[in-house]
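For reference, the chain that follows is the form predicted on its own, supplied as structure tokens.
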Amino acid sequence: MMTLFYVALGTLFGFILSRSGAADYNYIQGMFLFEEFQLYGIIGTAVALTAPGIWLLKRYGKTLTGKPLVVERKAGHRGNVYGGILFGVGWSITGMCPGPVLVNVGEGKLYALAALAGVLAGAALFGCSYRVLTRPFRLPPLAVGTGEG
């Protein structure tokens, strides 16, 4: 049942990305060239709404089983910087980050298939090379969970 709920939320999120222009290559390129400012407003609105929501969840939130919601702070390391740079370069070149890639595929844009292949290949390459990258980037040990959140 929860899977259907997550699919519905993902579909709603994709619809919002599509209608707002956040998945449109021209808007994204315009944002990076400082010619279009619509996406800055969308991102600012998302931060303005999400930050207090996360604060409230951390303060008063409970899990479905009634336990207090715990959001752990992640340690910073140089991998965050290099990963952020790599993410930004990929975003500016393709005009898509992982969410909009799926939106563009769903809209039938063929060029998005190349971006999707890049996302999947990059994730696979990172997963396979994580142990090698741990020392030079001072990455934390990989923690594999149950997949249940």
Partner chain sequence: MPLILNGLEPIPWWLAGAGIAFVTLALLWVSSNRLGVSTGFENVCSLVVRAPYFGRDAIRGSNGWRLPLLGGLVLGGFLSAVLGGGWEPTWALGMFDTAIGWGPAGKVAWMFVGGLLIGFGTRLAGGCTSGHGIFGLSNLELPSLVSTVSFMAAGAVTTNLIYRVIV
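This is a predicted model, so every value here is computed, not measured. Positions refer to the first chain, counted from 1.
There is also a form predicted together with its partner chain; it is not shown, and the following applies to it.
Residue contact check for residue 132: none of its heavy atoms lie within 4.5 Å of its partner chain in the model of the complex.
In the model of the complex, no heavy atom of residue 1 sits within 4.5 Å of its partner chain. Interface membership of residue 62, defined by any non-hydrogen atom within 4.5 Å of its partner chain in the model of the complex, is confirmed. Residues of 1-19 lying near its partner chain in the model of the complex, listed in sequence order, are 2, 3, 5, 6, 7, 9, 10, 11, 12, 13, 14, 15, 16, 17, 18, 19, the criterion being any heavy atom within 4.5 Å.
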